[in-house]
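Coming up is one lone chain in structure tokens, specifically the form predicted alone.
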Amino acid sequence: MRGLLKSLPAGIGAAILGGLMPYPALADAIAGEAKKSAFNLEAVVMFVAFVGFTLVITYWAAKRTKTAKDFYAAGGGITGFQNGLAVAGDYMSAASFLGIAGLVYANGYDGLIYSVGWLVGWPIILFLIAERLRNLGKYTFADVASYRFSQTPIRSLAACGTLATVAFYLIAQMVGAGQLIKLLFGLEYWMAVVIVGALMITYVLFGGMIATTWVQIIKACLLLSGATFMAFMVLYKFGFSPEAIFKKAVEFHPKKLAIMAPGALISDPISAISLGMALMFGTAGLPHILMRFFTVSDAKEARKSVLYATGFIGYFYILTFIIGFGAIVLIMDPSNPIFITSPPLPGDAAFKTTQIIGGNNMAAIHTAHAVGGDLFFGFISAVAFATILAVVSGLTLAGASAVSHDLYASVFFKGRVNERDEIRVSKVATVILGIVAVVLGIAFEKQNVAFMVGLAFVIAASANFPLLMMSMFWGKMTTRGAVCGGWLGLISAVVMLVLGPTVWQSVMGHPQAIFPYANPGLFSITLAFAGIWFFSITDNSEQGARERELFKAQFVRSQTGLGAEGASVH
């Protein structure tokens, strides 16, 4: 086991999470090729069992997937509790599990800001989005955004926002999966990426949303149970006294008492506000999350699913906080230095948290071994793989839906297509997306892809979220305002992130960034809303007047659900 731990390289989780961090936190990102570890029998057996079970579910789901509604929205028959678990499973990625625990391990209390930022996005979805989205839409959030506007420009914008978000998110997940599985399972990198790609294509191609939903539910249960056991064992070792854990953590950590105070990760108010806006509004604009609210029967179940998801996700983030502090006291313990790469040991002034084998983001994996031995280490390793598998399946389905439902059916053929053709195009898009994801995952093996998740969140916050919110709540919005503001938000987000320190300095190697902030959310989101407002109020066309009149009917349906899509009967 010790030989396996020694082979882990630095920063695997940072490939998935780092794009959302301020520039200094990117130092732990993937810098090169990882070494293949020894064969991990426990992890492989548990992963094979998970895959076998999910393939049986896919076979069952394939028999129930007959219509477009089945493929895109599981027939609208998922209960609020089931969907809440599935949303949590879709959302609790390896970034949450490895990244947040790693941030807490490295920075203490300050690492909690990321989990809080993500969690705060859920009340926005609960109170402002879920009910109206379910009442107005059919399969994708573009159905809502284009409800009373010209279909072609709005759906094209929404599809571009969806595909951009999905593409960047997917590449980061694939690279993270390949590196993580190469380490924990002893597989070659390309084999790990191909396995992930083949499985996600299988789930979506044959089982559609039904199979994807149950893969996410199973993964959520595994992750929650594993994290619960880890947190319980950490507390058990200290007599269930958080005070004892914190005291020992302050003693071992090189930052001493500073780990109990905020302020280390975010250095200025603009960066803090910008990061918070990206986390909150990005969550509410992720297409694969929004798509899940069409899988329930009505708006009431949509609200229930958000309530359950918020509870599960909040509980999970509390666990990661405990696991992070547990990692400090178990990994930095001078009496048991097997998780540290080399001297000096904890307590020495020169010690750095990055001297943990594998880097900060392997803190949760090492903690699993510390509290549960090789068997639990194998279980958590398999859960980490299952976590990525569930997320990429949801992303692939969202991307395929944007191609088939938004572009093919609504933009190219103006709604004049039958369900069979639309599903066929969606399945072709699934295969193409999967192949592209595998190819890019292999191509980016040695690259720092940390910025890609940051870019995905900023695009979701700057293009998808303003478009969706303004279309549902502002009656004076017009097609011209939506298109101009949406593209303004999307383009500005990409340009500012590329010119900022995350990409311009960290990835491209320039000495100084042109745009000074690592996260451009404050600026790009503001530009999007301002653009929608300005170009709408200055639109005096007849079409704009008609679209303003249509808001009354849209508002009634959004509040009452009259005319909303119902569940399929099987």
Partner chain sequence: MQQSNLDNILANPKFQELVEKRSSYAWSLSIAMLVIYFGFILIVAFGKSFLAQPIAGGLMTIGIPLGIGVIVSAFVLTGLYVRRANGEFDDLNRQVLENLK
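Positions refer to the first chain, counted from 1. These figures come from a predicted structure and were not determined experimentally.
What comes next is about the form predicted in complex with its partner chain, which does not appear here.
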- Message: Would all three of 332, 373 and 376 be in contact with its partner chain in the predicted complex, where contact means some heavy atom lies within 4.5 Å?
- Response: no
- Item | Interface residue in the predicted complex among 424, 446, 247, 138, criterion: non-hydrogen atom within 4.5 angstroms of its partner chain | 247
- Name the single residue among 187, 171, 272, 488 that comes within 4.5 Å of its partner chain in the predicted complex, judging by heavy atoms. 272
- Determine whether any heavy atom of residue 263 comes within 4.5 Å of a heavy atom of its partner chain in the predicted complex, and answer yes or no. yes
- Message: I'd like to check something about residue 408: if you look in the predicted complex, is any of its heavy atoms closer than or equal to 4.5 Å to a heavy atom of its partner chain?
- Response: no
- Message: Within 4.5 Å, heavy atoms only: does residue 473 come near its partner chain in the predicted complex?
- Response: yes
- Heavy atom to heavy atom, is residue 499 within 4.5 Å of its partner chain in the predicted complex? no
- Stretch in contact in the predicted complex with its partner chain, which is absent here, among 171 to 179, 312 to 320, 148 to 156, 379 to 387 (heavy atoms within 4.5 Å): 312 to 320
- From first to last in sequence, which residues of 125 to 141 have any non-hydrogen atom within 4.5 angstroms of its partner chain in the predicted complex? 126, 127, 128, 131
